[in-house]
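Below, in structure tokens: the form predicted on its own, a single chain.
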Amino acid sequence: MLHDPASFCSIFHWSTNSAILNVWVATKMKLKRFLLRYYPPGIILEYEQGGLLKTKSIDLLDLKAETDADAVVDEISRKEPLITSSKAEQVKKLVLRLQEKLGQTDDHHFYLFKVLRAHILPLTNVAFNKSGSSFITGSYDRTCKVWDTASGEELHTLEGHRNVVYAISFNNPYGDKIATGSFDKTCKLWSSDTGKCYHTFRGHTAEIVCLSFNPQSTVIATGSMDTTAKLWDIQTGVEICSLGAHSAEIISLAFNTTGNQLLTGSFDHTVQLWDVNTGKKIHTLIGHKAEISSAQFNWDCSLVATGSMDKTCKIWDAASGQCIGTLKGHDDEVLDVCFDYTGQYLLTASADGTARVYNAISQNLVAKLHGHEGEISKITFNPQGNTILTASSDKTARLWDPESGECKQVLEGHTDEIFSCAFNYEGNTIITGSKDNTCRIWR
């Protein structure tokens, strides 16, 4: 339970660049951190209580540019006792900032900013920190490198793995740590500021191919070809538990928004839903007829989308574990799936060279994205939800309008397959990673 708000004295710091509201809340006994953070389309309250980091989410799925901001703040204040009348003005600034973003039209044309010959062997993955001020690249050369986005300068080379560095991630939104998963069966935790290795997580008996930080940045999940996923304590480096219900390789995992549940997708054709706190299985999502390629929660954690080599995407009710829809139409394997931040739209990318936009609620097809001449391995929305980015084996990345399916821009120049791409948090910078050993920054 939260303490009586009247016992707190609060100091607010407003940051319009990152849309973050920081609140340091002091009691008579001790200092407790209270962080109000925007994640489209909602607000996450983070606070320390009894030495534990806790979170609460405030749903803003229905926020529109024209919504009455005062009414939104009043509603938030009624639902959340920590948001008292003295804090209302600061919360209103946050809501107005979000509305400003929602109202922006996306006519930005990206240009090639820098080409970085990042590694001596092909890249495996790329990822931004939240602000986009730095990014990381993994490679077959057994290293992960940290780069400054603005200058293209290499900040650190993270060395120590004895095989391919395949899975990489920042602990966003904090961005002070990096996790790397390797074919050498280990995961390493690093400081993004100094390049120091904090921990080496050992225990898997085969290649690590996927990993993720929980939203609180207290736990790392790793998925392996040994058919297990493991949870690791970031502070101590100790294995918390091993999740071992699959009968084949795990190639996809994802935390939900609050971090209390985890999805693992496997070559055994199933997805498992886990309780992170107990390490116990909640549901087994059974229905696909071939290997799983991707599994994702929507924002409010009510739905799960799964892509499969059986050419379909399925939508599941997260509470019951029941399949509530099967999206058909692709002529080849579905390689990636993605919800927008509101959970209203669902994207599928396929080896047939096309992508599709669906209404996640009605399951109706909204648009088909035609234009690539090779398989699409990665698909994502920009944070504003008004542009889709795809990466393809045809050596291009493309930007699309999600409503019409029109291709707005082709990002050309790579000389080999593009397998990884990402937007920064503001949506004004893109990074693409290719088998041509380079990554490109687009602004």
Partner chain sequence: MGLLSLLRKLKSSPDKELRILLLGLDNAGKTTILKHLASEDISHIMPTQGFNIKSVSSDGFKLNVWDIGGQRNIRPYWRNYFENTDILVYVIDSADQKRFEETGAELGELLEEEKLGGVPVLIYANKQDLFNASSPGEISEGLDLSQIRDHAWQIQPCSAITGEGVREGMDWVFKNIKSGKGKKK
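From a predicted model like this one, the values you see are computed outputs, not experimental measurements. Positions refer to the first chain, counted from 1.
There is another form of the same protein, the form predicted together with the partner chain; it is not shown, and what comes next is about it.
Listed stretches are 314-322, 123-131, 87-95, 355-363; the contact stretch with the partner chain in the predicted bound form is 123-131, by a heavy atom cutoff of 4.5 Å.
Three-residue candidate spot 147, 177 and 441; no residue lies within 4.5 angstroms of the partner chain in the predicted bound form by any non-hydrogen atom. With a 4.5 Å cutoff on heavy atoms, residue 156 does not count as touching the partner chain in the predicted bound form; it lies far away. In the predicted bound form, none of the heavy atoms of residue 341 sits within 4.5 Å of a heavy atom of the partner chain.
Using a 4.5 angstroms limit between non-hydrogen atoms, residue 293 touches the partner chain in the predicted bound form. Residue contact with the partner chain in the predicted bound form: residue 185 places a heavy atom within 4.5 Å of it. 163 is the sole member of 163, 218, 172, 242 with a non-hydrogen atom lying within 4.5 angstroms of the partner chain in the predicted bound form. Site annotation in the predicted bound form: the residue of 251, 231, 72, 211 reaching within 4.5 Å of the partner chain with a heavy atom is 251.
Using a 4.5 Å cut-off on any heavy atom, the residues of 406-436 that reach the partner chain in the predicted bound form are, in sequence order, 417, 419, 435.
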